[in-house]
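Heads up, the chain below is alone and in the form predicted alone; it's given as structure tokens.
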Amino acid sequence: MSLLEIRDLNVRYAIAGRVKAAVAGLANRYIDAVIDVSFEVAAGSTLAMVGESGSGKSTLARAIVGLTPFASGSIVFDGSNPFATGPHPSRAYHRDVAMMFQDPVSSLSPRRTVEALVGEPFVIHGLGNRNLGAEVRRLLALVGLPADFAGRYPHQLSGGQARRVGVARAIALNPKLIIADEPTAGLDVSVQGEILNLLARLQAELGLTYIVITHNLAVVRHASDRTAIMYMGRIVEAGPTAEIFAAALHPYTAALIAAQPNPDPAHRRSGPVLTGEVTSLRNRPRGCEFHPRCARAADDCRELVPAAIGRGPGHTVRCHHPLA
């Protein structure tokens, strides 16, 4: 059963007002950050959103949460439309969907104790009449932190401890969906594993559903059931994680996988090589946006935007000339 259904979602930003655009001769005063994105997330599963910086992952996440308005498309959550009355979602939706932000330390107010930070969701949603001290201790125990951490400030926490506090905040109101933006960024490899294991345990115990925003393919392989690859605001490939790693269809996906570090000194890198930089969104290429970096690009790639085509159960790709 799908908990979240996204259909043809588009997010755009105005780069100039009407008058300034007219004076500057801008034909289009908008930047399209997310284009025609569609996917579903099954209850109790984990979807990984992967792509380089600027691919639209975080913008998409903020649109789903309701922090960034979307221009068109639809979001259905647990069978209903939380944006039915306007650009701001219902209060119930904010309780059911939580977000873990990328930087585990700077996302926490330095002037507040861990107890105040973890208890804040209860206050915001009018549940401050509870025994907040007991609630905070319960949540800290769930994420593997001692009760005496409640009196600490963010600067007294390590990166891994700060991330655990962020997880405690996210699960405070028993949400159904958590969107985790780079949950292991800036952490040592051993601590990354601890955080991923914590998220997996909480998913099993609490029935959580995750969307994990990351560029770390090791995280994707370890933690996700399905993977969606984004490039310049579009999902270019989506499918079961094991299938994508075994037989990627899009040249961009294959290049990302081939670029993964391998600790084996005898390993020799194979597969497409990712060259060049992501083109600026203000100068979006005609046709397939990836064609300036693609060794397989042909004339149709330079002229026509590829449609999403199915290549197996739940596996889609936007490419005129898929790899398999």
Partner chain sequence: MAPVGPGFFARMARRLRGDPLGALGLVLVLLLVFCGLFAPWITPFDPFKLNVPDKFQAPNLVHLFGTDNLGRDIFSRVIAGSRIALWVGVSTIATALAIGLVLGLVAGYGPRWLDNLLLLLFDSIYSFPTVILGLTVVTLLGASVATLMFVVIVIQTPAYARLTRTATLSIKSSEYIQAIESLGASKLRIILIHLLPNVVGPLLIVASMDIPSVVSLEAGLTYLGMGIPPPAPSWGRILQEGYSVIQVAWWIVVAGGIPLILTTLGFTFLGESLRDNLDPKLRRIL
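As the structure is a prediction and not an experimental result, all values here were calculated from the model. Positions refer to the first chain, counted from 1.
Quick note: we don't show the form predicted in complex with the partner chain, though the next part is all about it.
Partner contacts here mean any heavy atom within 4.5 Å of the partner chain in the model of the complex, and among 232 to 240, 100 to 108, 72 to 80, 136 to 144 they occur only in 100 to 108. Under a 4.5 angstroms non-hydrogen atom cutoff, the partner chain in the model of the complex has L67 among its neighbouring residues. In the model of the complex, the partner chain lies farther than 4.5 Å from every heavy atom of K176.
In the model of the complex, the partner chain lies farther than 4.5 Å from every heavy atom of H291. At least one heavy atom of I124 is located within 4.5 Å of the partner chain in the model of the complex.
If you check the partner chain in the model of the complex, you find no heavy atom from any of R7, R29 and D32 within 4.5 Å. In the model of the complex, the partner chain lies within 4.5 angstroms of at least one heavy atom of each of the following residues of 155 to 171: H155, R169, in sequence order.
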